[in-house]
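Only one chain is given next, in structure tokens, and it is the form predicted on its own.
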Amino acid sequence: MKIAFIGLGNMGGPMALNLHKAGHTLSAFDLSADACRKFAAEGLPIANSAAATVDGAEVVISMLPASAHVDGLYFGSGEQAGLLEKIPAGTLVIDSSTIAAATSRKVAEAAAKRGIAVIDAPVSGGTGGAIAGTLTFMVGGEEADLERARPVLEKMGANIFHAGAAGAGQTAKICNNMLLGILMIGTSEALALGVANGLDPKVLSEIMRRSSGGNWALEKYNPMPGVMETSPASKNYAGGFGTDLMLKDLGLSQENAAAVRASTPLGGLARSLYAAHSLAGHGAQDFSSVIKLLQTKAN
């Protein structure tokens, strides 16, 4: 299958590589020249532009940072035409960006008028899951379009859920990431308290992991440096899922909560804490670095 892949960041790059290794014919692109060079060195075919990737593609996949980027890619900006004007009818578009559900619906509705099928398929699983091909996909769109996409998604992920109609995948993702942001703060707070009392963070992490406080952060993404060799915390919080990206997702969750009048007090508090952490200069670091904010408070 010929696939266009647009967006080669910490998540998109490994996802595209997995499709390439699975035998699909890829044409990839990113606005970052460094990202293009990095993945070209790993054997990924790189196009000269996003528009060039879709020439002859059966499937178009986008993995971009925010709603504005997705809107600009598919609808264009200024005098530059969007991809929807270049993608032929019958093509399947899979957008794996984490964006506002309203943006996903806008793209899907405009594409349908041109005979283009679109599903929103944001992911969970972190950079480790992207590299290993074990991501979880949360899909919004028509069931038939999901089934058409499934052979492609299965090369990048281990779990595929149909959340509902267009935009539903995005709603599921912001619920998940709101919880993730909250539990990372709670885990960091508990570890910081234990360390302030002289406990060994490795011992405390294992105690909590095997007790009622056990959670994903303690299992796979410990925020304390030196506790878990594979976590960003042990790599000076480099790579992973940036604080500013978590802040963006928490913003989406709070906008959605306001729109449907849902009560999310912990989500709002988490957003404020990540905002303070970002303003302190940690926006580019992995979101688990929020423990620094809490350690400062504790000490």
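If you're wondering where the values come from, they're calculated on a predicted model, not measured in any experiment. Throughout, we count residues from 1 along the sequence that is shown.
We do not show the form predicted together with a small molecule, though everything after this point is about it.
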query	finding
Selected contact from 171, 97, 104, 187, since only one has a non-hydrogen atom within 4.5 angstroms of the small molecule in the model of the complex	97
One residue of 270, 54, 26, 63 in contact with the small molecule, assessed in the model of the complex (non-hydrogen atom, 4.5 angstroms)	63
Interface stretch in the model of the complex with the small molecule - options 242 to 250, 270 to 278, 256 to 264, 40 to 48, non-hydrogen atom within 4.5 Å	242 to 250
Residue contact check: residue 32 to the small molecule in the model of the complex, 4.5 Å heavy atom	yes
is_contact(residue 9, the small molecule) in the model of the complex, heavy atom dist at most 4.5 Å	yes
4.5 angstroms heavy atom contact with the small molecule in the model of the complex for residue 149	no
The small molecule contact at residue 224 in the model of the complex, heavy atom, 4.5 Å	no
Triplet 69, 123 and 126 all within 4.5 Å of the small molecule in the model of the complex via a heavy atom	yes
